[in-house]
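Single chain ahead, by itself, as structure tokens, in the form predicted on its own.
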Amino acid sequence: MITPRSSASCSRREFLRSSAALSALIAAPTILPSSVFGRNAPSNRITLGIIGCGNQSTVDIPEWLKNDDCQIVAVCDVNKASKGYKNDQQYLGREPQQKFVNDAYAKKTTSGTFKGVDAYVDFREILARPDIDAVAIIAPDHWHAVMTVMAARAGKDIYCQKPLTLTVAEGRDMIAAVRKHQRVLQTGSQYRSHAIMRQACELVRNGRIGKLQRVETYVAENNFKGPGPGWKPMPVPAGFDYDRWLGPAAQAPYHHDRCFYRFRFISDYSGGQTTNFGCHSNNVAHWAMNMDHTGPIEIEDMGAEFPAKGDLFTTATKVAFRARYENGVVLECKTDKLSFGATSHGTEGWLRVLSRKIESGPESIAKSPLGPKDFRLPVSENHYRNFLDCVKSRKDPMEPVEVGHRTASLCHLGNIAMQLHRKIKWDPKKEQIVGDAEAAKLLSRPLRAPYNYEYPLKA
């Protein structure tokens, strides 16, 4: 069992300087020479383990590779290698991504070869390595809480993809672990580090649209359909550890559409597009509304639609819920062809932010300059870079664990209201559903043993 590192004083940089490091060099990662990383000597680099080598890893891994003070030393996935992720041609898994990272580093060496990245089936092997500083969790949503809690206990800093949680209760567990062990956690909702999003939120926060009254947020339509009622189990493919993929979720027969990219449309593993895109759009909305550390007091269904009974897919095919806040502001989240974004309506006009532009009515609102006396939000131009900087400074990143939890909670509450097709009342201070025992039960899920918080960390 590793003794968790409780502060930055136990960083890898000091580990390498210690006498104990001399006896551990054989087990340490293959460190690329300083000539590859410029001034970033091995003692100044952050070593990173990748947990999850699916579709999102094709976005995240190249971003980590851009940073010369970060070195990926290990990857992990329960799938050895296969096609059939977001599209049939994607060939992913731990071995393809191990090769991708090795090849990327090989291009920077004079020899043109590099074999220093290890690959694991079990993420605990990464957590058990004292030479790894941080982990990037890119696993399906139902694994996020267990992996984060265990990583914090093991003394690792954490970059965890959104949605941060599968349930509201998991968020509280993650906050407790991250804060107890003094870890840095960045929620992987990258729009927090986009200048356009920051500008739009600043315009709203500075009253350019007058008093905020209503916000619309958008999520994408489902990009896959389920196999429908009457679907049949399939044989588990070779090289795929299916029981470990299920992990803390309930036992269920294997089907290709249950795993890989399409897990997000099954409520045992994800919240559908409500949490997938909603944790972007609603995150931006909460930033503009100054609601990062609270939530609504009432959430109601607005006519959501779901797959037919018996379909493998169970999350909403049409997202439609309304949330009302204590200050009277109303947020409406819905499936829309815009796919992502938020429109804020105020007494003096409206402002919409999409992925690459800001629109407003009147047009002058979007073009309104911000002066030196206006309120300004924290600045980050790159979410990955911000995380690395905070690992070094020990400051909170752009989207710390509490903020990721609150954004995900709004989405989870929306799913509960839509699933039950009724209005629910929420106490954002106590984080409890009021007067509805059936709805309150949906705030948490049992974690299947042994893949729960007591999952033993390998020595």
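When you see a residue number, it is the position in the sequence shown, counting from 1. A quick note: this is a predicted structure, and the numbers were derived from the prediction, not measured.
Omitted from view is the form predicted together with a small molecule, to which the following refers.
Within 4.5 Å of the small molecule in the predicted complex, a heavy atom is found for none of Ala320, Leu410 and Met418. For the chain shown alone, Val78 is a contact residue for the small molecule in the predicted complex, at least one non-hydrogen atom being within 4.5 angstroms. Contact check for Phe260: a non-hydrogen atom falls within 4.5 Å of the small molecule in the predicted complex.
Within 4.5 Å of any heavy atom of the small molecule in the predicted complex lies no heavy atom of Phe313. The small molecule in the predicted complex comes within 4.5 Å of a heavy atom belonging to Trp245. This chain is displayed alone, yet in the predicted complex one of Gly295, Pro96, Gly226, Pro140 has a heavy atom within 4.5 Å of the small molecule; that residue is Pro140. Proximity to the small molecule in the predicted complex, taken as a non-hydrogen atom within 4.5 angstroms, holds for one residue of Tyr325, Phe100, Phe240, Tyr218, which is Phe240. Annotated contact segment (heavy atom within 4.5 Å of the small molecule in the predicted complex): 55 to 63, selected among 55 to 63, 399 to 407, 421 to 429, 386 to 394.
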